[in-house]
Ligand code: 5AD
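The chain that follows stands alone, in the form predicted on its own, written as structure tokens.
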Amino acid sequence: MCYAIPGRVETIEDRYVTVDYFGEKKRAINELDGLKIGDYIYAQGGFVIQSLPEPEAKSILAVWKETFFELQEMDLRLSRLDTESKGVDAKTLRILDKAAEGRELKPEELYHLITLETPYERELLYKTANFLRRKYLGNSCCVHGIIEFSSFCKRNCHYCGISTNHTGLKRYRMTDDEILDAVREAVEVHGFQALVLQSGEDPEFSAPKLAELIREIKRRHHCLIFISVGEIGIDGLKELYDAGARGILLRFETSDPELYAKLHPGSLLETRLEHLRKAFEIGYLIVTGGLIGLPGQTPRDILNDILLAKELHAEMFSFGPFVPHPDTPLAGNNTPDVELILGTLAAARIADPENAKILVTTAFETVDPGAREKGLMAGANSVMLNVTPERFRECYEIYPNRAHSHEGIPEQIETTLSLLRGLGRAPTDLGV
């Protein structure tokens, strides 16, 4: 199946179109020539990526229609906000009531939510976040694919298993043909319409080389391309955007400049933030966030990380747990508690309830096999499936024993769709 529902164009105004999905109206940016009112399109991430013939669109919509409303009904039922306040103190109730009403919380109120300790309070936090996700963004869940095309990296980040610290790692670098074939399989065989191209900061993949690769992908396929290749340079960002990339996954990892400098020797947080700010100015969809549970990190740091992601206009918040790798300087440290991870996701949803997509990261799934369901029920609405050829996956060892490393793409899709159906979520990205 495809990971988008066709919609009918109702209005066109400059670069923006209004699209109807079973009565829901969404806006998207159009970069297709010749698009007309009445045409049927696919959209991803708020971009129109493909038009399709009316008979084909209506055939797909006929199959989807009943399921679409059934999923909405189930999601509505599961996201109802239980007003049971047993074990929840008055301050927490007051803050969560304010959030549920759609009023913006003060930083200190968000900090209070991140530091909740009792199971009753945390459960109400998750339910409130899920209620807000449903209220503002419906039951759509982004399902993107990620292709990790090189494990070479010139950086020596202290937490990362593919950094130069890991001298014993068997590294790989996919050829252009291997990358193009992986994209073809993801798009044409498995139906993905949004892909992340990810690597370490590999000097062999310069901006011009990546731009050429992206242009070829866009020539062959209708899909939304995100890049995740570290700091490619401001000129490089513009070059890749001009080639057809429309999203960037670049986490700042921590908003604390001193902690950032300790984790990234020779690098500055401000350089990373400049890349993100310039990427937004260019027009990229921003996916960013931080690591939860870094050694020396405080709950106040996590709050600042969430606020920084919002300040950076994040289209998607990517907050995952620190998972220590035995061949890095941070070996021997502990992963954070699951409740801290969930609390961070829920607080991120409450901090930006109307706009942000919240990702359940593979790192979280590595820490807790039930993470995907728990995260989705705590305000998250996005997942990424690993569509890297299996023979390469083990060598992209950013942390050990990654979830899904040994699962085929069909198995990942089946498991994901089964979970989403059970939660009343539609595996779509209906735009903004």
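Everything numeric in this text was worked out from a predicted model, so none of it was measured. All residue numbers are counted from 1 along the displayed sequence.
Heads up, the form predicted in complex with ligand 5AD isn't pictured, but that's what we're talking about next.
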State yes only if every one of 287, 306 and 358 has a non-hydrogen atom within 4.5 Å of ligand 5AD in the model of the complex; otherwise state no.
no
Which of 179-187, 152-160, 235-243, 205-213 has heavy atoms within 4.5 Å of ligand 5AD in the model of the complex?
152-160
Just one of 198, 165, 139, 79 has a heavy atom within 4.5 Å of ligand 5AD in the model of the complex. Which one?
198
Just one of 145, 321, 247, 343 has a heavy atom within 4.5 Å of ligand 5AD in the model of the complex. Which one?
321
Please check if residue 40 has a heavy atom lying within 4.5 Å of any heavy atom of ligand 5AD in the model of the complex.
no
Contact test in the model of the complex: residue 47 vs ligand 5AD, heavy atoms, 4.5 Å
no
Please run the contact check for residue 398 against ligand 5AD in the model of the complex: heavy atoms, 4.5 angstroms, yes or no?
yes
Does the 4.5 Å heavy atom contact test between residue 291 and ligand 5AD in the model of the complex come out positive?
yes
If you look in the model of the complex, which residues in 409-425 sit within 4.5 Å of ligand 5AD (heavy atoms)?
none
